[in-house]
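Quick heads-up: it's one chain on its own, the form predicted on its own, in structure tokens.
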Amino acid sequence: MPSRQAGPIGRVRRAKRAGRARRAGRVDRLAPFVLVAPAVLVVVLLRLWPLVLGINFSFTGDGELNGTAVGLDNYLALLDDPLFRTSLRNVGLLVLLLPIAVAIPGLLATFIHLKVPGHRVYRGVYFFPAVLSPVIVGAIFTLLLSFDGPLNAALGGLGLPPVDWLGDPDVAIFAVVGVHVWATFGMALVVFLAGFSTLDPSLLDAAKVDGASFVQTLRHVIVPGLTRTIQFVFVTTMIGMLTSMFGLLYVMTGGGPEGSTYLPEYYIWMQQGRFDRPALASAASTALFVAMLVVGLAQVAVLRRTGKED
């Protein structure tokens, strides 16, 4: 008699175990989504939703037309504004200067990784400017680069004529970008040093044994081994140039001389704060977002193609 009941009872137990296993499998599959849900919610509420609202607001009017749909009028007004066109030209200049802004921390990180004399001290010294406020950095370099400042005094001591670093429309943007690179390359330096920790040291040893020069080692070992890191630094450095120079511009040049140092973020602030044209500022913000997206994707595509060719 007990043997007859064992069959049905065993089947019930096996069915229960199978049901628990299926539930456990579903929980395991859902667990990652549950864990990332808070972060995704924060991004959607604080990033994506304001972005959508800003894009929508860019198609409305300012002043008496506040809240009224105006189509592409704001974007056409941007194209007719010489200051906005200047800011776009300066974005193109930043793209051209970007390889230099990436190469500086990359080379310094290489020297530190290769343990040049004093590399421990250099690691801290190079990162120090990154912790300074852009306003403080701008105030310091405004004094250093003034027409009667220490830099021109040093040039005079060498018999060279003074340079109007912040007053010459052809020079000012290069001066501000140079200060920005100096103030921020410490963070890229840390990223490069982290990338070096993933580089196989045996490759460097093999290059040294084969008698490879520093340039050959850099080209054939270090750059291919740090392709992912270089891509990341290229994109983040470009984003920083487009979105983190407001403090320097405000303190050092105020967008001048003759609007030559305007960048989109400074133009957006001027339209929003000084001229009370929030809809036009939203259109400029949207244009800046599109420009950053296009430049970032283009950089990644070019770097990936270069890495495959190497």
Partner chain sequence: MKQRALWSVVLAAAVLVAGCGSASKSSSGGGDGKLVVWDWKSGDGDVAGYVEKAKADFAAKHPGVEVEFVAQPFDQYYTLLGAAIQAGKGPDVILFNGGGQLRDRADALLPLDEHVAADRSRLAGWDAFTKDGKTYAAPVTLQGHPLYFNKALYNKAGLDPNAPAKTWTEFVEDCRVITEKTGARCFAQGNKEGIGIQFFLSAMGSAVLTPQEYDSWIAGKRNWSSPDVKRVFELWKEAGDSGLNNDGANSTAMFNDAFAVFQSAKAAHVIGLVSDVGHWKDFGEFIDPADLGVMPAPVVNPAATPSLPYDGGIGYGVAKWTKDPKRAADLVRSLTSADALKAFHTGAGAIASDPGIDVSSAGPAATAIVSAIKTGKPALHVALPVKTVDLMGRLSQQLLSGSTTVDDVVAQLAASDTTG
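The term rigid core refers to the most C-alpha atoms you can superpose between the two forms while keeping them within 1.5 Å. Numbering follows the first chain given and starts at 1. Since this is a predicted model, take the numbers as computed values, not measurements.
There is also a form predicted together with the partner chain; it is not shown, and the following applies to it.
Stretch 35 to 43 is the contacting one of 281 to 289, 237 to 245, 35 to 43, 48 to 56, since its residues have non-hydrogen atoms within 4.5 Å of the partner chain in the predicted complex. Taking the partner from elsewhere, Asn66 is found to have a heavy atom lying within 4.5 Å of the partner chain in the predicted complex. The partner chain in the predicted complex is not approached by Val70, whose heavy atoms all lie more than 4.5 angstroms from it. None of the heavy atoms of Ala175 is located within 4.5 Å of the partner chain in the predicted complex. Using a 4.5 angstroms threshold between heavy atoms, Leu263 stays clear of the partner chain in the predicted complex. Not one of Phe196, Asp210 and Ser213 is positioned with any heavy atom within 4.5 Å of the partner chain in the predicted complex.
Scanning 70 to 93 for heavy atoms within 4.5 Å of the partner chain in the predicted complex gives just one residue, Leu83. The Cα shift for Thr60 between the shown form and the other one, taken after rigid core superposition, is 2 angstroms or larger.
With the core held fixed between the shown form and the other one, Pro38 has its Cα displaced by at least 2 Å. After superposition on the rigid core, the Cα of Leu249 moves by less than 2 Å between the shown form and the other one.
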